[in-house]
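The chain below stands alone and is given in structure tokens; this is the form predicted on its own.
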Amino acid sequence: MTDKTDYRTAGTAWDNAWKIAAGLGFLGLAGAGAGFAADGQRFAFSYLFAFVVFLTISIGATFFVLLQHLTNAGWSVTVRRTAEFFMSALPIFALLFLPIAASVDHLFPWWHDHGAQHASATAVEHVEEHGPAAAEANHVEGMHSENAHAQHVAGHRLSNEEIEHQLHAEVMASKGWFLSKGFFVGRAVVYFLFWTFLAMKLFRNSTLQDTTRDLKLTNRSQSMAPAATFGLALTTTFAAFDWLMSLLPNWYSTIFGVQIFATTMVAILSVLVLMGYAMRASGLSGKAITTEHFHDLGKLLFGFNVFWAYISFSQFFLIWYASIPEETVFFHLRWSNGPWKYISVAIVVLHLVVPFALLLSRNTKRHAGQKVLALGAALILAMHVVEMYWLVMPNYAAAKGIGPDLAGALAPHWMDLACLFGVGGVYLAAVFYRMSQHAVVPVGDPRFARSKRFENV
């Protein structure tokens, strides 16, 4: 294989990739629009699922780019540009968020939480009638008594439903300042402004250097990386709280932001392995991406996938051990609610156990044309999609009042695929368009030659 000198997509099949993605995106959004007209609530959950699938990939790409600048990494220069392409389309999610903004009343029960208002009124009436001490006694007994059907508090009998309403009202009242419409919208604006600025700044510094060879551009990216990483971690965490955790507003988990971070890194590393393999197979990247790069990407993918499993298990174990009702409801929906149990088991087996076996050996990351590595990355990426479905869609079953052990608790719909193609097509069209406008490796980076010569010790 002769090495390319320009690393451009012109004259290759990659040059039209953005048009194909745009066509799929148009068809997908058209189908999603038809679904919205037929069932607005189902559309809302299907669209949110598709949105977070690709948003996490783009945010993961940004984390990866910042990590390389934080560490002044030389080995990763030739694969960093691929991550920059997937990062560069991050601003498009501000537009893709509009259908979610228009569907908040379908997604988030706290947006018009009449149930909480009714529960709050019931609690107030109970306090007025029996005094605050009685209300507090009822709260404690309601949490711990096995006979929750009828609680005896100061001579007043409360049903299990009244107790649950009262507890729900107390939890929601404590979150009322955060789960307010104006604050919710304001936070979303801050997220997208920060993400847009960060993605555009980092991408411009890298691509401009292709022509100017200005070393100051590398220094600028490295200088902004520490504060930018801190800001990206905060905005990603709170966006996960807003758009995923608040689907079940009573639920909370202090480790959820870390879990989402791990998810973003696993997703983008899988994408980098598959894109690197595809570009090298087509000759687009020439000899710039070598076995050494695949070896290190494979090690990172293996490590972050184990980290994802560790964080996910820690969240499950601590919630199970504490057995706090407001926390356990999350896993109740995904284990006791009929077929979701099998999805939960599949995530453990196919997201952790099988990839662990595939990626553990050094040989699979270096030999056989990295085909085993590509297989592991493809499986992890597919399970990333399943995991996002697992995070979002059980809340639809809960919103529809579908009880445990009913097949309807897991009811895939054609709108899920329509939204996935719609959001993914638009996002990938933006990614591949950027790819057609710039070299696929940062030829102006001062460490580019060193990266091509990189060898694992």
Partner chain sequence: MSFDAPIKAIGEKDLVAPKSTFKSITEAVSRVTENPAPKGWWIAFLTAFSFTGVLLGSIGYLFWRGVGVWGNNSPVGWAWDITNFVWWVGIGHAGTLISAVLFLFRQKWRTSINRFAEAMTIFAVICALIFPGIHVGRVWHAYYMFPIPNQMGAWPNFKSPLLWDVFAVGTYFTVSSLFWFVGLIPDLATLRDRAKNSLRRMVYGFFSLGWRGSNRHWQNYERAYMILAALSTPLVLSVHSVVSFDFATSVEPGWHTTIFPPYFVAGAVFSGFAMVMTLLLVARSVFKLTDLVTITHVELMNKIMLATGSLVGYAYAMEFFVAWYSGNEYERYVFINRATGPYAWAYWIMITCNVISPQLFWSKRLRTNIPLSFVVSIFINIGMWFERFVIIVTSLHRDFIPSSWGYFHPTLVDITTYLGSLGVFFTLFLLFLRWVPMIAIAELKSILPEADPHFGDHHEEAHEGDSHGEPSLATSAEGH
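Residue numbers count along the first chain shown, from 1. Everything quoted here is computed from the prediction, not taken from an experiment.
The discussion below concerns the form predicted together with its partner chain, not included here.
- Of the heavy atoms in residue 447, some are within 4.5 Å of its partner chain in the predicted complex.
- Heavy atoms of residue 215 reach within 4.5 Å of its partner chain in the predicted complex, making it an interface residue.
- Its partner chain in the predicted complex is not approached by residue 279, whose heavy atoms all lie more than 4.5 angstroms from it.
- Within this chain, residue 386 is remote from the site of its partner chain in the predicted complex, having no heavy atom within 4.5 Å.
- Proximity to its partner chain in the predicted complex, taken as a non-hydrogen atom within 4.5 angstroms, holds for one residue of 275, 319, 333, 107, which is 319.
- Contact with its partner chain in the predicted complex, judged by any heavy atom within 4.5 Å, is made by just one of 196, 180, 237, 344: 237.
- Segments offered: 89 to 97, 324 to 332, 198 to 206, 266 to 274. Contacting its partner chain in the predicted complex at heavy atom distances within 4.5 Å is 324 to 332.
- Using a 4.5 Å heavy atom cutoff, 75, 314 and 454 all lie near its partner chain in the predicted complex.
- Interface residues of 247 to 274, taken as those with a heavy atom within 4.5 Å of its partner chain in the predicted complex (partner not displayed): 249, 251, 252, 253, 254, 255, 257, 258, in sequence order.
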